[in-house]
Every structure is written in C-alpha cells, then in structure tokens.
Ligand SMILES: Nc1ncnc2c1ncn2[C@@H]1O[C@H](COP(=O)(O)OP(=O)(O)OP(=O)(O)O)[C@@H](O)[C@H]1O
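Only one chain comes next, encoded as structure tokens, the form predicted alone.
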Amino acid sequence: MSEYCIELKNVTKKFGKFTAVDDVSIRLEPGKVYGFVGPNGAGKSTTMAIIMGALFPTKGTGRVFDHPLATPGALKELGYSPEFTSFYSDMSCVEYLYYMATLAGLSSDEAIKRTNELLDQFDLKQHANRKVAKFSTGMKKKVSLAQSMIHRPKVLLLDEPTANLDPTSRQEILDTVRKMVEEENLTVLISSHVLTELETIINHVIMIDHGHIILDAPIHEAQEKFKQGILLVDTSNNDLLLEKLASRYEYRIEEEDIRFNTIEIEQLKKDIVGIVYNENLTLNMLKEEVLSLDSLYKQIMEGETKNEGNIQKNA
C-alpha cells in the first residue's frame, strides 16, 4: 500500500506544440490540505484533470493510492468540484444529488439515504425541491461540493471553490471544507487565487508556473525559509529608540509603530530589549511579522520571473 494518496511522476501534457504541464512530480499525503496556486494558465486545472482521468498525460505516470490514473479504482477514491459547474435545467437539488449518487454506483436505496445525508450536512434540505440551475452562485458551489462527496471519496479536488462568491459565502464554503477534513479525514487539493483565505485552511503549498512546480513544501516551512526579517516595534519613546538604532538597521514609520527590516532579526531583538531596559522605556509591542501566503507567492513568483529557476529544490 502506497504511503501517498496521489503521486505523479514526471508528468507532461502537451496540446499540440503548447506544453501545459512540464515534467511535474508531486506527492500528496493522506489527511492533509494542499493549496495549489499559480497564475492563470500555469497548469493547475490541467494537472487536476490528469489526476481525475479526464486528460491523459503525454508523458509520465501517476497513481491514486495503489491504482493507476483513470482506472475505476482510482476514480472511486476521488471527489471533484470544478470551477464552473453545469446543472440540468429541469432537475431539483434532491433529484440532482440522487442522480449523481446512482452514477457513482449506489443502489436506489443507498442513493436516497446518501442524498438525505448530504442535504442535511450542507444545509440544503429547505432547498431540496428547488431547481439547482436557478440557485445563486454560492448555493451552486455548495451543491457541487455535496456531489463531490456523494460516494465518500478519500481525496477531494477543488478547483476555485470560492471563486465569484461574496465574503460570507466564501467563508461558509471554507468552513464546510475544514469540517469535512476533520470529520472524514480527507486529503484535499485546492486550487484558488484567494490566497488570504487559502492560508487559513492549508497545511502544504504547491506553486506552479508555466507548467513547472516551483515550490512544494509545508506552508510553515516555506514561510520560515522566505520570511524577510520584519520586526514591528512600539515603545514609550520611539524617537529615542531610533536615535540608537537608525544608523544600523533599515526602518520605516507606520502610524505609531516602527517597522524594521533586517536579516539580523535576533540581534535586533536583543538590541531593542537592551535599550528598553537601559533607558527605562515601556515596550508596548515587539512582534516578528509572519510571512503571509500572498506575500510568499509574490516573492517567489517575482524571483521565478527574474531568475527562471526552480525554487522547489531549495524549499
């Protein structure tokens, strides 16, 4: 039994002369939430389609647990919610979920039971008899997420699950995913451009650009590696503090705080504490800034554009 729930090895996908995915190798461990990020056209959706068996790689191989890609055994383990979902115009919510359950191989009785479970789980019971095609965008996303869970998969692939939603709907979708991960012990691969929200749910980040994986690392390790050494400070006498430190460290004033930027972050902390003690100041704040996923993305993508290197090797 493989220790990875999804494994791609040297996968390439070409469309004519265009290479959408270029020598991609990734491994997803059970029970983790992976953020799959990159600019438009980077290869995210193509990679997901290959995992789902909707596209066949030009080169390379892959497995879902111990099953080759696109085989019945692999598809049984996968649930998928696409960015753009089409619904039958004449089907109600309950009819659609029942139909999808039968397509997944459930018997009629099993399909009815599972449909009712999902209507409850996704708070859709009061909308069960309404036509799905007339639902709001947020409601359609919930139905799409519900259908992805119809056959109790072990791995979920979510392509832009919060795209075009209002903040309340986006948070509701993320909370639902977070709850499913905890209760079902799922592995989730999420493609999203809303990085500020994505970082609240993922354990691991995979960045792709021009078909190449440029970062593949646990989110906390990536943040630690690429952090820029920013320290936010506020004391009872910031002017005096700057008199002592301005010649040695880069800084700028942000409202009432001082924002220091240095690679010598530990030495700066010691210097600040020493000055506060010696000058009898009050230390109101001393906080090292955590590198956000959005800042990490910009930093790595800008470096990739300039250097055209593969940061994955150093992550």
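Given the structure is predicted, the values throughout are model-derived calculations rather than measurements. Counting begins at 1, following the sequence as shown.
We do not show the form predicted together with this ligand, though everything after this point is about it.
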*Given that this ligand is left out here, which of P39, P68, P30, G274 has a heavy atom within 4.5 Å of it in the model of the complex?*
P39
*D234, E199, E77, E83 - the one with a heavy atom within 4.5 Å of this ligand in the model of the complex*: E83
*275-283, 258-266, 22-30, 42-50: which one contacts this ligand in the model of the complex at 4.5 Å, heavy atom to heavy atom?*
42-50
*If you check in the model of the complex, is H193 within 4.5 Å of this ligand, heavy atoms only?*
yes
*asked:* Within 4.5 Å, heavy atoms only: does E95 come near this ligand in the model of the complex?
replied: no
*asked:* in the model of the complex, is there a heavy atom of this ligand that lies within 4.5 Å of any heavy atom of E160, even though the partner is absent here?
replied: yes
*So which bits of 96-117 sit within 4.5 Å of this ligand in the model of the complex, heavy atoms only?*
none
